[in-house]
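For reference, the chain that follows is the form predicted alone, supplied as structure tokens.
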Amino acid sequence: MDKTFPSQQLATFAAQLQARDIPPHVLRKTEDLLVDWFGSAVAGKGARAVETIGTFIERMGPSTGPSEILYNRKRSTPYFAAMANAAASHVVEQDDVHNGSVFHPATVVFSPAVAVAQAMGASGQDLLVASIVGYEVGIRVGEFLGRSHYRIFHTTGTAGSIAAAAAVGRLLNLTPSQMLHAFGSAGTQAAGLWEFLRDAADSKQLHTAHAAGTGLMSAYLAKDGFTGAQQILEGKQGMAAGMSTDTDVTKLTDRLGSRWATVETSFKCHASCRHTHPAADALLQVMRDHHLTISDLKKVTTHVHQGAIDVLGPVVDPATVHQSKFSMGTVLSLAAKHGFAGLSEFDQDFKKPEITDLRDRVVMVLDDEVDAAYPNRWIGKVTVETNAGHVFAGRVDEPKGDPGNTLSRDEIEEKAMRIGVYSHGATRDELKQAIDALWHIESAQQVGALLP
């Protein structure tokens, strides 16, 4: 095959990346992302959608195995553990996001990579390298698929299938040719549609579980000689042809080996859809600057990009906690009340009259500046009208958690422990012990159980 094809170049990069090729700061960022993912995976305990997928896994798979299901302390095969952890780590809406690709890498990269590393007895360094491969590939595929793709498809489910295949394929030491076959098998199964938001359906957890399982299966199949489409991404009947109208094939190979997209990934502070975060931070800025409380707010206008309207617009009267995390009005009302929209705030308050009253006075309007900057920059702009007749404008150019306004390791650890304890997925001491080990995962000779 002509090796000038972008898919081939991407697959070759994924198969051949070595630890010595990766700058130390990229490895350290990957450890940060791993700890952040771990907290979310534990925090999935008790979520009905996650537990339902877990019940299915217990019926279909073995009750023992080499790989750890974090939220319930059970074991299974890498395939089923990857699915379970991918469902769990996406449900509390605290997992990371890459702005430019509008893609949540951790849930579909670490979930299969950790499961396979545990099964293989791979080293901690091997796990980090494979995870970086997953991030670098998945982010570029998400950028390649473009904004039109995200309007209908959940990129984490689609690009995530390729990302999972890349991470697992690197652990399995696939050749460049085998890696390309893995991409082909994963891409032909890629799925995930936004329609579920209109019905408060559980599909988002299925998207990540499916992507993790599909990618893992595709890599193992390729290892055993199973072939896949050679240009599943850019081919005439590939993903781009069927799923996008604005693809840019140059994104697939953008500065491979010199631009580390992994370090561009953002952490999430509020427990909600990332599209709500810029406006929430801008509102909080106005409230701090002018000493306002929720009772002072008459109306909040959020100036947003089209992607926010596409995803959040259908949610006007959220029926469940999870659906409320895709309601701009609910998120901003909770932030206004508590200064933060976290797990307990959603669980306890999302239907309280004080919250729903302000929720219905929050509106989204398309803003040309914000839309032009998106998805590379997620600017937060709000106009706040008060009951006293004042009008204030707020703006945040980098929401908390973005690379230019990132979380420290202390903040990442505190967040992981807070959400893990809140779900009763682990005790504070157990989480602390696990996180301490994860900070030093690169030196681990084998990736064993993460929880004691």
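Residue indices: 1-based, along the sequence shown. Remember, it's a predicted structure, so these values are computed and weren't measured experimentally.
What follows is about the form predicted together with another copy of the chain, which we do not show.
- Within 4.5 Å of any heavy atom of another copy of the chain in the predicted bound form lies no heavy atom of residue 392.
- For the chain shown alone, residue 203 is a contact residue for another copy of the chain in the predicted bound form, at least one non-hydrogen atom being within 4.5 angstroms.
- Another copy of the chain in the predicted bound form comes within 4.5 Å of no heavy atom belonging to residue 175.
- Interface membership of residue 53, defined by any non-hydrogen atom within 4.5 Å of another copy of the chain in the predicted bound form, is confirmed.
- Only one segment in the set 328-336, 296-304, 372-380, 213-221 has any non-hydrogen atom within 4.5 angstroms of another copy of the chain in the predicted bound form, and it is 213-221.
- Comment: another copy of the chain is not present in this chain, but in the predicted bound form one of 71, 80, 144, 346 has a heavy atom within 4.5 Å of it, namely 80.
- Residue-level contacts in the predicted bound form: of 262, 185, 324, 94, one residue has a heavy atom within 4.5 Å of another copy of the chain, and it is 185.
- Residues 185, 187, 188, 189, 190, 191, 192, 193, 194, 195, 196, 198, 199, 200, 201, 202 of 178-202 are found to place at least one heavy atom within 4.5 Å of another copy of the chain in the predicted bound form.
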